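In the form predicted alone, a lone chain appears below as C-alpha cells.
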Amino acid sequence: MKYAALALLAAAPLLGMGNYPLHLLILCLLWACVYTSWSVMGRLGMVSFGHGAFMGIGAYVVVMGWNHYGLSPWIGTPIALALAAAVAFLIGYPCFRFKIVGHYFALVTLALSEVTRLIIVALRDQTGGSLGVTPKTALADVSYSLNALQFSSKLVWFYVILAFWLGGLWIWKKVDESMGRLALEAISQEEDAAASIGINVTKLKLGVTILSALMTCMGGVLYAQYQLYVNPDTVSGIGISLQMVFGVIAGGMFVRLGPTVGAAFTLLLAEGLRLWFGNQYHGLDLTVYGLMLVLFIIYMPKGILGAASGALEKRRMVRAGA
C-alpha cells in the first residue's frame, strides 16, 4: 500500500499537473523535510524554538558564498552544515551539561532564532537586510546549471526534494528504531534516574540536536536554491520556528508522516489566508498559528494523523472484540 502511494506521488507531476499545483506540492515536501527535522528532536522531549536559526544558516551561507565569492552551492553547503553543527554544539552543550531543560531550554533556543534574524538584518550590505537577497542567476542562456544548483524546471526540483523528503523519513525511522531513542525517552521522563543507570545524557541529547540542526540546515539550502530568493522573515526568526512547532504538532509529532501532514495543513492554511485576506493584515498568519497551536495542544495533542491513527486502532479493537 505504501509503495503504491509513493509511486502515485512520484508520478503525479507526469499526469498533467499545472505549474501552480506542482509548486505547492514541492513546497509541501520541502516543509515536510524541515518539519521532520524538527520532530526528530522535538518528539524526544527537547522542544526547540531555535530551528529557524539553522534554516537561516543553510539558506544565507550558500547564497552569500555564491553571490560574493563565487562558491558553488556544492562547496557552500558543507560550510553551512559545519556552521550549523557548531552553533548547535555551542548552544546545546552548555544547556545539556548544566541541565537547562524544559521551558528554560525553549527560551534559550528562542533567543538563538531571533539573534540569527537580527544578525542577518544588521549585515544588510552583505545580506540585503530585511529586503532579502536573490542569488545571482546562472540560467541566462541555459535551462539548468549543476554548478550553481539552479534548475528552471520545477519537475527536476520535485524529484530532488522528493529524494530529500524520503531521506528525512529514513533518518526518522532509524532514530526511532535505535536504542538511543529509548534512552532519550527515559531522559525526558526522569533525567537524573537515566544518568544513574549509566546513560550519557549530554552526549545523547547533543547528538540528536546536531542531527536535527543539520537536517534543518539542509532544508534551508534547498529552500534558497528552489525559491532563488531569501529574506530573514521567510527562513529565520521566531515566525519560522513557531511555524515548525505548529506544523509538527498539528500533523502529529509521534507519527512518521505526521510532520508531512502538518506541512500540507500549514501550507493550505497559509494559502487560504493569503487568498481571503491578501497582505493587508500583517502578522495575521503568526496570530493564527499561535491560536491554533494552543487549540491543537488542548483538544488534539496527538495531531491530525495521530488522532486518525488512534481512532482507526480503537475501531479495529472494537471490531476484534465484537
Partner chain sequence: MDIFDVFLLEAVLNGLLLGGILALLALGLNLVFGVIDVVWICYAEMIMIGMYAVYYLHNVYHWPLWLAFASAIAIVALGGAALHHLVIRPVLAAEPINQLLVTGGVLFFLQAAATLVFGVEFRNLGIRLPQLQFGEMYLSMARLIAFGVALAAMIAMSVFLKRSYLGTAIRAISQDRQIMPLMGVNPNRIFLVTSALGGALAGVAACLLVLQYDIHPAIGLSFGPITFLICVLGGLGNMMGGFIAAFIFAQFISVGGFFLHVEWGYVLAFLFFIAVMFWKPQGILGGK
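Numbering follows the first chain given and starts at 1. Just so you know, these numbers come straight off a predicted model, no measurement behind them.
One more form of this protein should be noted, the form predicted in complex with the partner chain, which is absent from this view; the next part is about it.
Three-residue candidate spot Leu139, Val142 and Ala148; no residue lies within 4.5 angstroms of the partner chain in the predicted bound form by any non-hydrogen atom.
None of 103-111, 151-159, 74-82, 206-214 except one has non-hydrogen atoms within 4.5 angstroms of the partner chain in the predicted bound form; the exception is 103-111. When the partner chain is considered in the predicted bound form, only one residue from Ala264, Leu273, Leu257, Val47 comes within 4.5 Å through any heavy atom, namely Val47. Checked against the partner chain in the predicted bound form, the candidates Leu123, Leu166, Ala193, Ala86 yield a single residue with a heavy atom inside 4.5 Å, and that residue is Leu123. Interface membership of Leu242, defined by any non-hydrogen atom within 4.5 Å of the partner chain in the predicted bound form, is confirmed. Though the partner is left out of this view, Gly70 does not reach within 4.5 Å of the partner chain in the predicted bound form, counting heavy atoms only. Looking at Leu268, you'd find every heavy atom of it more than 4.5 angstroms from the partner chain in the predicted bound form. A residue is said to contact a partner when one of its heavy atoms sits within 4.5 Å of a partner heavy atom; Pro301 meets this definition for the partner chain in the predicted bound form. Counting a residue when any of its non-hydrogen atoms is within 4.5 Å of the partner chain in the predicted bound form, the hits in 62-101 run Leu90, Ile91, Pro94, Cys95, Phe98, Ile100.
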